[in-house]
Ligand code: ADP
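Next up is one chain by itself, shown in C-alpha cells, the form predicted alone.
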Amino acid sequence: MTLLLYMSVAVLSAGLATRAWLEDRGDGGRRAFLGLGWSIAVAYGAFALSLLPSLGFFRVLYMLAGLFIPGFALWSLDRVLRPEAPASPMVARLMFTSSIVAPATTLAHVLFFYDVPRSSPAEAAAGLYGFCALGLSLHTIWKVRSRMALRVDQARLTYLLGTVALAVCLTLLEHLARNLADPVDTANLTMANRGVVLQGALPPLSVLFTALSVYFIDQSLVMLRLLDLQELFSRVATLVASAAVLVVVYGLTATWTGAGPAYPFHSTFQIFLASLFFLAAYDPLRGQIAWWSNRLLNQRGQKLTDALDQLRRDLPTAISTRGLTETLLARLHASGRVPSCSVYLWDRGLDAFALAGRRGSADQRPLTAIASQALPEHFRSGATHISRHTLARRARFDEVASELVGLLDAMDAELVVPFLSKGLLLGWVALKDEEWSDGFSGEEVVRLRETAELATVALTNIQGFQQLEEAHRLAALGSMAAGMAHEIRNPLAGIKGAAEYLQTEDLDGEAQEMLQVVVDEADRLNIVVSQFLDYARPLELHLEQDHVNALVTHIHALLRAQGIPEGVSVEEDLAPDLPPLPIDRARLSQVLLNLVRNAIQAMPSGGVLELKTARRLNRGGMPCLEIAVNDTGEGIDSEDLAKLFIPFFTTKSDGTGLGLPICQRIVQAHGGELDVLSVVGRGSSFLVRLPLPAKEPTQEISRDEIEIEAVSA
C-alpha cells in the first residue's frame, strides 16, 4: 500500500504538470511547474521502487531528483504570485547551487557510502541542503505574501504555504524516524510488509500533503487564481470524519469478537457484517457529516448549496417565465454567495437576447439586449458554461475569447450558465462572484449547471403550455368564427344590396356619398370577416417543390403590374443556386405580398424596397433559406415591435391587425420562422426563414440590413 501511494502521487504530479504545460508551452510558470512535477514524480517513483527487493539502488535517483525540487518549487510559486514580473534572482541562484550539490553528493554516496545501512553522510548532507533550500524558498514566498494588498490573498497564500510547509516538515520527520530506528534486516521481510517496515515508524502523511500542494499550484496556474481552499478542506474533513467512523466500527467489531488469529474466518465474517451495516447507514450519515463540515469550514458554499437545493423544489412549480426568472434570481442572490445576477432570454421581437431580470448591486448596469452570436456559437460548440477566469489568458491572443470576455464584462458577470434545450439556446443566467473570491469552484459550477438544466425544463414546459393554450384559444376561436361569420355576412350582404339599389335612384349628391360610404364600409367589414376566418380555421398546405427565387421575382412582377408608388425603388438581391423547397406557392405568395405592401406603406415619402434571398443559420443554428423584405421607412418603435404578431393589433387607421399573424402562421406551418428587425427612422427588415437540408452550405445570419444596438439602461 505504501509503494502504491508513492507511485500514485508520482503519476499525479507528472500528469498534472504535463497537462498544464501542453495547454500553453510558452508560459514560464507552466514550464517551471513541469520541472517541479517531474522532479517530484522521479523522486517519489524512485523511492517507491527502492522499497522493492534488489532495487535499493533507486535511492540514488531519489536523492538526485529530490535536490532539484526546492528550485522548481520556488520558481513555480514565484510565477504563480508574480506572473508578469521578472523571475526572482533567488530562483537562478538556487537552481545553480542545486546543479552542483546534487551530482556531488550523489557521486560521493555511490563511491564511498553505497552499502551504509542508514542514511550516509552524503545523503545527510544532501537532505540538510534540500530542507534548508525548501525553508529558504518558503521564507521568500512569505515575504511576497506580506506585500499583498488584499487580506483574502494573504489568507489563501497562507493556506498554500502551510500545506507546502506541512509536506516538508512531515518528510523531515519521516526521514528522522527511519534513521533513528534500529537497522532493518530486509532478508526477513515479505512483500506484504516490506513497504511498511522500510517506510519507518511514521506513516507517509507527507505524500498526501505533497499531492495537495501540487494540486493547489496546478489550479493556480491553470485557473489563473489561488485556489479557494475552504471547499476542499470541507471535503477533506468529510472524508476524515467518515473514515474515523469506519475505524471506530472496525475497532469495536474486533474487540467484540475477540477471535483474533485463532479463528480468522470468524473475524473476517464479523468485519464483513460491520462493513455491510456501515454502508447501509452511510448515505444519510454522509449527508449530515458533509453538511456540518461545510457549516464549519465553507459556510458561504453551504449557503449556495442550500439555495440551489431549494431551487430544485421551486423551479418545477413555476407557471410563467417571469415567475421562474424572479424565483431563480431571488434564491441565488439571497444565498449571499452571488452579490449580483441576471437572466437573459430570447426575445423574438428584438431578435436578440434581452435582459429578463436582475438582482443585487453591480459596478455597472448590465446590457439590456445582446445580439452578438459569440455566446450562442460558443454553447453550440459544446461548452457547458463560460467562466471569465478560464478565458482571461486566452483573450490575449484569441479574438473569440476576447469577445466573450468583453460580453461578460458588459453583463458585469464572472460566470454564464446557459439554458440549452436540444441544442437550442433559450437564454442564460449570468452571475457575478464576490469580491473576496477568485471565482466559483468546480463543484459549485456543476451544481449551477444542474440548476440551469432544471430551469431549462421549466422554461420549455412553460412555452409548451403557452402553445397549448394558444391552440385551444384558436380552436375555440375557429368554432365561434364560423357561426359569427354566417350571422354577420347575411345581414351585411343585405345592407350592401340595399345601398347599391338606392344608388340607382335619383338622389342628391350628399345622399349618394352616404350610400357609397355604406357600400365601402360593408366591403371593409367583409374583408375583416374573411381574414378572421383565415386566421381561425385550421391551415392546410399544398406543398410542391418550387424555387423561392422564382417566387420573389413573380412578386416583383406583380408589384410592377399594380404600379409602384412614385419615389419607391425596388431592388432584388437573389442568391444563386438556391435549392428548390417544398412550399405552398399560393400561401407563401400571400405572405410576401403582405410584407411588401406593408413595406411600401412604411415609406410614404419614398425609399428603397429590397427583396433579398440567402442561405443562413437560424437562431437554433440550423441551415435555412432566408427571404428578407427590407425597407428604409419610418421603422417601428420597441413597444409596437413586441405586439406586431398579436391578433387585431395594428398601427394603421384602416388596418385589421390580422395580416401579420396570418403570415406568421403560414411561415410556421412551413416549419420556418418570421422575424422582424427595426430601428426607428432607419427602416425595418421582415425575415422569412425556411428550413434547408442540413447538408446545405450556410452562412451566419446577417445584420447588414438593420443594426440592432444593445444599449445600457
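For clarity, every value in this text was computed on a predicted model and none was experimentally measured. We number the residues from 1 along the sequence you see.
The same protein also has a form predicted in complex with the named molecule, omitted here; what follows describes it.
Given that the named molecule is not shown alongside this chain, does G659 nevertheless sit within 4.5 Å of it in the predicted complex, heavy atom to heavy atom?
Contact with the named molecule, yes.
I'd like to check something about L644: if you look in the predicted complex, is any of its heavy atoms closer than or equal to 4.5 Å to a heavy atom of the named molecule?
Because a heavy atom of L644 falls inside 4.5 Å of the named molecule in the predicted complex, the answer is yes.
Can you work out whether A602 and the named molecule are in contact in the predicted complex, taking contact to mean some heavy atom pair no more than 4.5 Å apart?
Answer yes; at least one heavy atom of A602 falls within 4.5 Å of the named molecule in the predicted complex.
How about D631: is it within 4.5 Å of the named molecule in the predicted complex, going by heavy atoms?
Answer yes; at least one heavy atom of D631 falls within 4.5 Å of the named molecule in the predicted complex.
Among 454 to 462, 415 to 423, 634 to 642, 496 to 504, mark the stretch whose residues have heavy atoms within 4.5 Å of the named molecule in the predicted complex.
One stretch meets the cut-off, namely 634 to 642.
Give me the residue from R560, R597, R449, R93 that has a heavy atom within 4.5 Å of the named molecule in the predicted complex.
When the named molecule is considered in the predicted complex, the option within 4.5 Å is R597.
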